[in-house]
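One chain is shown next in structure tokens, namely the form predicted alone.
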Amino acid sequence: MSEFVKTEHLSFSYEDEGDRQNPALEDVSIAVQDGEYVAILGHNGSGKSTFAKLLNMILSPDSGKICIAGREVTAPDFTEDDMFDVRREVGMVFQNPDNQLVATIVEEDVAFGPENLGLPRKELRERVDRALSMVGMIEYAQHAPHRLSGGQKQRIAIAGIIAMMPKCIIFDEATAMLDPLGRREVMSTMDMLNRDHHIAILNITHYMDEAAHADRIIVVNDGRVYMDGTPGEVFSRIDELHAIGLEAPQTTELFDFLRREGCPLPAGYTEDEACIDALVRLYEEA
């Protein structure tokens, strides 16, 4: 697999009213492979939102490099035309879906991005229908977006990105404003895009159960990479997570508590079904 998103020694600081530098990211080097599913975790103020803004080029780093789809977007000769090409390869889904919806009819909203590419009418129609079908919203094609639920709106926003046919989608706290049902809908869509269509997913989140879906988790703390590993590896380090104000998924926390009470249970379990199976085996062997 090739690297699709890569940062090298990335640093960024905000200035306060006294022109003092407040570091938000320091020396961050990560890589996301083509087709990989990566979650980025961190407490409020850890730097993960700043990282998202740097990736979508809302902010420019103080130092370091950002490469997306094989192109260095921080290079001095990187132009607006280059930016347009890169954004066709990388989609971004934001926290508030209302900020991404631009039309009064669902299918028109999904068509907005690819229509600006100057596609033939037939291909545009095919892309819109395909994108809506992929997120399970084809029956809402003629609906008004503002009448949909939060989860449905976010799936329409995702469909608009899918219609551009990107190779990677970055979700920046995309479920933070949704109710539990809406979160499940969006998480199911993320899993499907990665599993069935080999789209790389970069999910910046503060929900531990969301991170458990990923192939890999990167934990950011005080602007630096603190952990990097599989969900099992990261969530087995519960004491270290607690020390920086984070928790593991509830089932993992339960297993940790039971182990401390003397139960012979394995560490690093993150999926509910696997935890249930382990508890059943323990009961049967007792």
Partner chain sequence: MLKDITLGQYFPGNSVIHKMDPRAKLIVAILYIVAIFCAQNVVCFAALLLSAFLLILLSRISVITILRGLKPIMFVLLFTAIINVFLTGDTTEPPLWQAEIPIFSLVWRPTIYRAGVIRAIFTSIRVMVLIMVTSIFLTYTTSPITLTDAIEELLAPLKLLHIPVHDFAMMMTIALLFIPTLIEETDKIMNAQKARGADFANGSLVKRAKALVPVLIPLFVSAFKRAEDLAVAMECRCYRGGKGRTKLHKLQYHARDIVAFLLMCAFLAGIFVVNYYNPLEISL
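Since the model is a prediction, treat every value here as computed from it, not as a measurement. Residue numbers count along the first chain shown, from 1.
This next part talks about the form predicted in complex with the partner chain, which is not shown.
Item to check | Arg88: touches the partner chain in the model of the complex, heavy atom cutoff 4.5 angstroms | outcome: Arg88: contacts the partner chain in the model of the complex.
Checklist entry - Gln100: heavy atom within 4.5 Å of the partner chain in the model of the complex? => result Contact check for Gln100: yes, within 4.5 Å of the partner chain in the model of the complex.
Next on the checklist: Contact with the partner chain in the model of the complex for Leu181, defined as at least one heavy atom pair within 4.5 Å: yes or no?
Outcome noted: Contact with the partner chain, no.
Checklist entry - If you check in the model of the complex, is Gly118 within 4.5 Å of the partner chain, heavy atoms only? => result Heavy-atom contact with the partner chain at 4.5 Å: present for Gly118.
Checklist entry - Here the chain is shown alone; which of Glu72, Asp215, Glu108, Glu173 has a heavy atom within 4.5 Å of the partner chain in the model of the complex? => result If I apply the 4.5 Å criterion carefully, the residue I get is Glu108.
Checklist entry - Among 53-61, 217-225, 27-35, 237-245, which stretch has residues with heavy atoms no more than 4.5 Å from the partner chain in the model of the complex? => result Selected range: 53-61.
Item to check | Stretch 210-225: residues contacting the partner chain in the model of the complex, 4.5 Å heavy atom cut-off | outcome: If the 4.5 Å heavy-atom criterion is applied to the partner chain in the model of the complex, 210-225 yields nothing.
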